[in-house]
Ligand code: NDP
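Heads up, the chain below is alone and in the form predicted alone; it's given as structure tokens.
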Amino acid sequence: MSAVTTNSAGPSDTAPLAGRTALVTGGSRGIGRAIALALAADGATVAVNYRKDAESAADTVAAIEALGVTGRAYAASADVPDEVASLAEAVQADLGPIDLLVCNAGIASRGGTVAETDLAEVERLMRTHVYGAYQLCGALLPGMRSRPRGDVVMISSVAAKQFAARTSPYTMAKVALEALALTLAKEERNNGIHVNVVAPGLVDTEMGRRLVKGMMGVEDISTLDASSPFGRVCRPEDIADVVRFLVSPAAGYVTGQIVTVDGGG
């Protein structure tokens, strides 16, 4: 488990997330990085989880440091229970109770039909998207309950309502993740914990670029701007802005919601 710390200068106490501590899984790149930086900009201490790209994680922590808040990077794979347990233990030992968890770690399926896809791939997707999130929630909830407010945000996908062909492992995993979130919202509401889901459509990330190349033969995702809502493909910052609202004081009466961010479909 690796950690990177920051300087001691911090944001104003009036920052909306000042005094709160966040863990963002899959936080070193793409949507996760944008979320980590948005939470830091609003005053939160941020733990950035990554699987193997230590350089990107260090770069994200450096960007958090530049905002004057504490940031640390932790290596752990969401699909390995022992690593998830160590992640939860290390983050809480270093930073205290986590009161803001963003479950963003995820991987794509290979695009085969049900007849072509073996059970191992389904298991791999479920472990990464769902089991890791489930395990982290169980490990962090006791500490979260001790805080004035807690938030869990699950990053899902419009795939969970589109049910497109050749996406069964990914779609199944995202549907299960949403079920976890909506159940948890009811269980933890009386403990002051908000649980919500953000479901992006296509986003201009490394995974999004691979997706359009593999499924549509599109080499440059920006060529889709003209045919996209509002004249551009969704950006990671668009997702981060929704997350920062959901965990802010402005969303104090919001829980158990799925917010779709796809420009209207």
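The shown structure was predicted, so the numbers you read here are calculated from the model rather than taken from an experiment. Numbers follow the displayed sequence, beginning with 1.
We do not show the form predicted in complex with the ligand, though everything after this point is about it.
- Only one segment in the set 52-60, 37-45, 222-230, 65-73 has residues whose heavy atoms sit within 4.5 Å of the ligand in the predicted bound form; it is 52-60.
- Within 4.5 Å of the ligand in the predicted bound form, a heavy atom is found for not a single one of 101, 178 and 194.
- Only one of the listed residues (182, 139, 107, 126) places a non-hydrogen atom within 4.5 angstroms of the ligand in the predicted bound form, and that residue is 107.
- Taking non-hydrogen atoms only, residue 77 approaches the ligand to within 4.5 angstroms in the predicted bound form.
- For residue 203, a non-hydrogen atom is located within 4.5 Å of the ligand in the predicted bound form, even though that partner is not displayed.
- Although the partner is absent from this view, residue 207 contacts the ligand in the predicted bound form, with a non-hydrogen atom inside 4.5 angstroms.
- Looking at residue 155, you'd find a heavy atom of it within 4.5 angstroms of the ligand in the predicted bound form.
- Contacts between stretch 20-54 and the ligand, counted in the predicted bound form as any heavy atom lying within 4.5 Å, involve 26, 27, 28, 29, 30, 31, 32, 49, 50, 51, 52, 53, listed in sequence order.
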